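Here you get one chain, nothing else, as structure tokens; it is the form predicted alone.
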């Protein structure tokens, strides 16, 4: 009996446990084949390709629960394809009601899946502890090959409250090791010129999108370095103080691809702040090189700070005024923004914008979206504006308080006239009563 048992052990692979494992594998395979022959689909027998497809539709928590069902599902849970895209949510329970990624899961990701990560974002609350936790994770991604990185403060910019050296050290780990970054969002962070040079040195051939508004440690020379070396840039977002004639000329050179989106935040930190002027020739060069690019500008200025703007023609396509803007400035918009597609005016004052609105309708022939907040426009002028723009107005958001009844139209019947010219039913927006 003993010799016979030993013979069987050797035949099965040299040990009782190995023989049992092979027997179990054969039995599972035979059972799976039998199920398929009988036309029955057993969940535990699904191929990993199908499991992967199913798991991709599950939220992370449900996916974790599913991984406890059986060994096959647990193996599927750790497939590299499921860990290419991940969002770290870092919130302090004492100060935030938002959920947070469990620390044990973070450890597991760093240990088993850091080299699988490709599309990563960090969402942090307003606490400095959360920002530091994000940087601690970044500093451990030494085996990563990220293509997308986003650092997002969901409340106040908490990355700005941590030591600059700690942040830069963690960020340069990713810049140096990835070498394939194509999309980078680092708004409201202490990134600086030297760290941008590291970014360029390692990712100049792949970088296509860069968003870095409200980065006070970056100078015009720092962003110019990016423009000079990253010839594949298609989208760029930055503060107006980083915009220069040299930057526009660099983005307009023959070696650059055509820029698709340029977003500029024009923000006043202190009343009376002085802003520089961009030459018309620089905008013209940009327009010649990238004739279809979108220039999106957000203005958060006081009325007396608009002096340098809209004096000459500017190729802006999307224009947002977050603070009160004067009739004079809106009149200049109508004269010098022929490419305008979208206009939003949050506030103006108590002087009607009839002439300005008509001028915009006449000269901005591509305008398709407009929103007016705390402004005043006579009903007759508004109907004339809609009549001139016709059915190309795909978005028309006007507060009811904006419209001033006159001898031709009142608030009760204006929606019929506007609807007729739009070709669809339209009503002014109502101010919430709560």
Partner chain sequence: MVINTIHWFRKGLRLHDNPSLKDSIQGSDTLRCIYILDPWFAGSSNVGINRWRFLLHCLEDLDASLRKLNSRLFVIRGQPTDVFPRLFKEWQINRLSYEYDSEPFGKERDAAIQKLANEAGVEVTVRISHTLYNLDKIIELNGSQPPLTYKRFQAVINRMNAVEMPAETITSEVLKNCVTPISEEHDEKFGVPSLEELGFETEGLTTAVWPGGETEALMRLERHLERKAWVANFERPRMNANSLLASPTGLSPYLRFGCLSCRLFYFKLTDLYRKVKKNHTPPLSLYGQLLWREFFYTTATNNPCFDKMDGNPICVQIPWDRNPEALAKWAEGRTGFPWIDAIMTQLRQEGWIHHLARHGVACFLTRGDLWISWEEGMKVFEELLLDADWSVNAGSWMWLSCSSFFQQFFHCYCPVGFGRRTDPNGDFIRSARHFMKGFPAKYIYDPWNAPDEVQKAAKCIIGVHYPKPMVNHAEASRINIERMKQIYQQLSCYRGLGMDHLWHFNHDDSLPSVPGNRMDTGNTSPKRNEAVINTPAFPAVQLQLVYEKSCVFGAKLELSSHHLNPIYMVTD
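Residue numbers count along the first chain shown, from 1. Quick caveat: nothing in here was measured; it's all calculated off a predicted structure.
The same protein also exists as the form predicted together with its partner chain; that form is not shown, yet it is the one meant from here on.
Residues of just one listed stretch (171-179, 234-242, 221-229, 71-79) have heavy atoms within 4.5 Å of its partner chain in the model of the complex: 234-242. At a distance of at most 4.5 angstroms from its partner chain in the model of the complex, all three residues 57, 101 and 296 contribute at least one non-hydrogen atom. In the model of the complex, its partner chain sits beyond 4.5 Å of every heavy atom of residue 391. Contact between residue 50 and its partner chain in the model of the complex is not found at the 4.5 Å heavy atom cutoff. Contact check for residue 87: a heavy atom falls within 4.5 Å of its partner chain in the model of the complex. Contact annotation: residue 259 falls outside 4.5 Å of its partner chain in the model of the complex, judged by heavy atom distances. Interface residue among 155, 142, 335, 201, judged by heavy atoms within 4.5 Å of its partner chain in the model of the complex: 155.
In terms of contact with its partner chain in the model of the complex, the residue from 326, 121, 277, 273 that brings a heavy atom within 4.5 Å is 121.
With contact defined as any non-hydrogen atom lying within 4.5 angstroms of its partner chain in the model of the complex, the contacting residues in 360-392 are 369, 370, 371, 372, 373, 374, 376, given in sequence order.
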